[in-house]
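One chain follows as structure tokens, the form predicted on its own.
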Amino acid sequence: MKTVSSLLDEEWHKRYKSISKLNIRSSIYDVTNRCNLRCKGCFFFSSDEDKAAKEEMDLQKWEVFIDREKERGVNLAILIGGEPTICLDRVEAFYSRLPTFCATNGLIKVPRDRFPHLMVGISLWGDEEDEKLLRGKDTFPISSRNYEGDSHAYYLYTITPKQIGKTERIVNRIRDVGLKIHMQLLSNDEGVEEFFWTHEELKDIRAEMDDMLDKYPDVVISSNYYHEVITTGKMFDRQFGWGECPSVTEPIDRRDPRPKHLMGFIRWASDLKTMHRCCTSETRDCSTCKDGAAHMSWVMVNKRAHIRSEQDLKNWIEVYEMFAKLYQFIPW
């Protein structure tokens, strides 16, 4: 019988033990329905999730809600929106109670005297041309100025098909401002022309992502196996999609049979009552989903499937380590 101990040497077994005890229990929270950008392809607005619930404005109700979430066992609050930094009092309500991650476009600086250890993921949708086309402005000059050298921030680089051949320039720009980078792929929820992925483009970008990890291991937070899974949509002989995704809100998940699932996961709307379907869009066709966190979670909840060879288990460990680094459960 193959076991973790039988497949790993001492060094890798130590790495396995350091992550196996983390017991990460995450949920996602729409901090606000408002944003200071309107990006083409943003799943929040493209699926009208901003209209799904009336935003709760009473800070005390947020505090009571967060206390209940902590009692429910949540030990990682992932804050999205809209744009969470528009409502820093709500961000602080989470931060003072739970390990917290804030996804932001970087246009409003998180004050470090108030949030010294808040992990911040800064969205970036490509080079200057892609940013202007998809987001209405090039955000990098502002976000990089706000977070240069910040040890608790990194860029979430959403790669588009038009970025093939250009990723090294982006990686170098981010390296030059003293930040880390994590790569994910555009899902193109609003069907922007020329931004759909082809099979050949996915093969090309996988090779490019692997190359960036090889060349810049101290800057790029990733793994080759993650690149394989997110570009192919496959884990072994299984295809990512509605029947496989682990990031579906647990209390309203009616799939039968239910796949391996993030325990206790809920994506909450900003009224603190409404639950969204999953970690991304209410209307997205799951077969087109390229969401990085969903694919990482898919790997993570399927540990047993990876206990079949030394390399498979190492792949699982690297993906779990990547997730833990991105949310500051283990150091870079």
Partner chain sequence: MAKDVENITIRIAEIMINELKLEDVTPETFDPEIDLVDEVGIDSMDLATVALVVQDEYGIRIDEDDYQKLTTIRFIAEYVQERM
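Numbering follows the first chain given and starts at 1. Source: prediction; values computed, not measured.
The next section is about a form of this same protein that is not shown, the form predicted together with the partner chain.
In the predicted bound form, does Arg304 have a heavy atom within 4.5 Å of the partner chain? Yes, Arg304 lies within 4.5 Å of the partner chain in the predicted bound form.
The partner chain contact at His261 in the predicted bound form, heavy atom, 4.5 Å: Judged by the heavy-atom cut-off of 4.5 Å, His261 is in contact with the partner chain in the predicted bound form.
Is Ser309 close enough to the partner chain in the predicted bound form to count, meaning some heavy atom within 4.5 Å? Although the partner chain is absent here, Ser309 would stay clear of it in the predicted bound form, with no heavy atoms inside 4.5 Å.
In the predicted bound form, Val4 touching the partner chain (heavy atom, 4.5 Å): Answer yes; at least one heavy atom of Val4 falls within 4.5 Å of the partner chain in the predicted bound form.
Based on heavy atom distances of at most 4.5 Å to the partner chain in the predicted bound form, which listed stretch, 251 to 259, 101 to 109, 220 to 228, 133 to 141, is the contact stretch? Looking at the partner contacts, the answer comes out as 251 to 259.
Taking Arg38, Phe43 and Ser46 as the candidate spot, are all three within 4.5 angstroms of the partner chain in the predicted bound form by heavy atoms? No: no residue has a heavy atom within 4.5 Å of the partner.
In sequence order, which positions of 10 to 25 have a non-hydrogen atom within 4.5 Å of the partner chain in the predicted bound form? Stretch hits, in order: His13, Tyr16, Lys17, Ser20, Lys21.
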